[in-house]
Ligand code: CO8
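As a starting point, one isolated chain is supplied in structure tokens, in the form predicted alone.
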Amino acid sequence: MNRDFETIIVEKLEVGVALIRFNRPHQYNALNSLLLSELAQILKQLEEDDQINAVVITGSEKAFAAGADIAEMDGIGAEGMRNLCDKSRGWNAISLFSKPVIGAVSGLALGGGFELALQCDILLAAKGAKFALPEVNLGVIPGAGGTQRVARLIGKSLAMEMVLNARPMLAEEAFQRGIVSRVIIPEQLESEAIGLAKEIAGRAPLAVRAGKACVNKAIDTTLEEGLEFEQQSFFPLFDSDDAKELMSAFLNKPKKQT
């Protein structure tokens, strides 16, 4: 695995887990084209690595990512921005990754940083972490899925407040709204995320990937189409070695003495 990156740090942990850490501390992990390119590159490598079954993505204590790098966008115009986004494959690399991704957010997750976090399959947040889509303050809107993903999660009215008026949301409210699944003290955030990733990585990988694909389908399509997709994903798993071994082990485990 190529670990020679400038803007991210990659660690391959035990039990099938890789940790990706954004590493632009002086810029609060602002997302420039190099970081996004390196994120896409490492996720491609991890997609092809059969030893990795789950990924944790995190930043620093101060910031998961404080938005896109404004210095790259200033004065480039519509066509220039379109070209920049086309080259920055990392904007949708998380959403295209087939293995489970756990996001661990501490500090700021603003603009593009929030948009990347929303692509994670499970999102954990440190107490006091701040989420926002403040692009309107710069005369633009979220352009990496923020308007669509946040509206699906929290509904139209609150999404409008976040997009039209840059309304922030702290981790505790994000938990109540279903954006994050746990709020954790900052000192334990990374270890909790890694522990969860290890648990998932230890499960039947085909079932985990199928389950991820089905839940994502539920968000992206109608109930009828989602049910059909679930059925198509469900039946083939019964031919997998994991299903045969785990069901046999379940049936043959020793009975508890009463």
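Predicted model, so just to flag it, every value in this text is computed and none were measured. Heads up: residue numbers just count along the shown sequence, starting at 1.
There is another form of the same protein, the form predicted in complex with the ligand; it is not shown, and what comes next is about it.
- Three-residue candidate spot Ala30, Gly67 and Met81; every residue lies within 4.5 angstroms of the ligand in the predicted complex by at least one non-hydrogen atom.
- Note on the interface: of 106-114, 121-129, 154-162, 175-183, the segment with non-hydrogen atoms within 4.5 angstroms of the ligand in the predicted complex is 106-114.
- Heavy atoms of Met73 reach within 4.5 Å of the ligand in the predicted complex, making it an interface residue.
- At a distance threshold of 4.5 angstroms between non-hydrogen atoms, Pro100 is out of contact with the ligand in the predicted complex.
- Among heavy atoms of Leu138, some come within 4.5 Å of the ligand in the predicted complex.
- When contacts are judged by a 4.5 Å heavy atom cut-off, Gly143 counts as touching the ligand in the predicted complex.
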